[in-house]
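Shown here is one chain on its own, the form predicted alone, set out as structure tokens.
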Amino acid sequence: MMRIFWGPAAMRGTLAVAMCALIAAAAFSVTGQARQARTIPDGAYTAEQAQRGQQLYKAQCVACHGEKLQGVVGPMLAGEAFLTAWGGRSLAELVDKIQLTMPLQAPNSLTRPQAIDLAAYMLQATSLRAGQDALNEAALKQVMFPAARPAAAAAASSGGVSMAPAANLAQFMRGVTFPNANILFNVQVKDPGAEKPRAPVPFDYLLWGYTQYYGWQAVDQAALALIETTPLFMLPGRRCENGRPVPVNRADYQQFAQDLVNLAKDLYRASQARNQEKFAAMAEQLNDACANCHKVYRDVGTAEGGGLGTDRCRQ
């Protein structure tokens, strides 16, 4: 039997053939997956599912989301705003959201089939046509919302990093603005120059974090965070918690955002003096800056905040 000696050229050729085969296989796989995925207009649910979902909606959801799914204290669940909010995402994500977090006062009380029926009703209310095949667990991840229209998404980009909003305005404020504002308010009741706190036992990441960036350094950072993040209130495409667009084109809303930025700059300068008494005296100005906007635009009794009240994000 003849022995074959593999030289560098032969090895390179063999590797090239192997790579081509892998690339072809990968391309086939991606193409296959793309063919499997369906957009909702292809008919992802049946009329019977939507009818069951409608009855369940009337019993469980109408108080927060409205008779016509238009949004009351909860977000709208039909129409263009609904499609934009879920654009490019799978129906599995919507069904997970329904099953695991709704209704607000009794999360995780719906069965999986009930959550799927509710999703079908939302699709019907959005004028997306039904099909012959029932929406089921196997199909959820393969059925996608249509990609958001560029004009509707209004996503900016910088250096290749997407600036499309992921949170609604309430979520953004609770995650970013609220905790940083509280650090500034806290100067009224606690001297940032006091002794450094010790890490708790048993260990807690949140409390441990307070021992790493504490005192006036934390106050500096909170003021800077408000300066940097408040303009994101104006990010095109962001929506209120009830699903309506944030009123970024209104002059008073723009002024409220600018007032908060300006005050945060003043607070940062005041923090540099390391004088608790003088800084604490400015905290009331921060309260006023927040309240001025909330009196006009804040949703009262929001879906995540609890309680029912007047919906103000209609301006």
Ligand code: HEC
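Since this is a predicted model, take the numbers as computed values, not measurements. Residue numbers run from 1 along the displayed sequence.
Just so you know, the form predicted in complex with the named molecule exists too; it's not on screen, but the next bit is about it.
Not displayed here, the named molecule is kept clear of residue 90 by more than 4.5 Å at the level of heavy atoms in the predicted bound form.
Residue 97 belongs to the set of residues with a heavy atom inside 4.5 Å of the named molecule in the predicted bound form. Though the partner is left out of this view, residue 275 does not reach within 4.5 Å of the named molecule in the predicted bound form, counting heavy atoms only. In the predicted bound form, the named molecule stays beyond 4.5 Å of every heavy atom belonging to residue 108. Just one listed stretch, out of 99 to 107, 193 to 201, 134 to 142, 208 to 216, contacts the named molecule in the predicted bound form at the 4.5 Å heavy atom level, and that stretch is 99 to 107. Residue-level contacts in the predicted bound form: of 280, 248, 286, 270, one residue has a heavy atom within 4.5 Å of the named molecule, and it is 286. A single residue from the set 60, 39, 70, 54 has any heavy atom within 4.5 angstroms of the named molecule in the predicted bound form; that residue is 60. Interface residues of 270 to 295, taken as those with a heavy atom within 4.5 Å of the named molecule in the predicted bound form (partner not displayed): 286, 289, 290, 293, 294, in sequence order.
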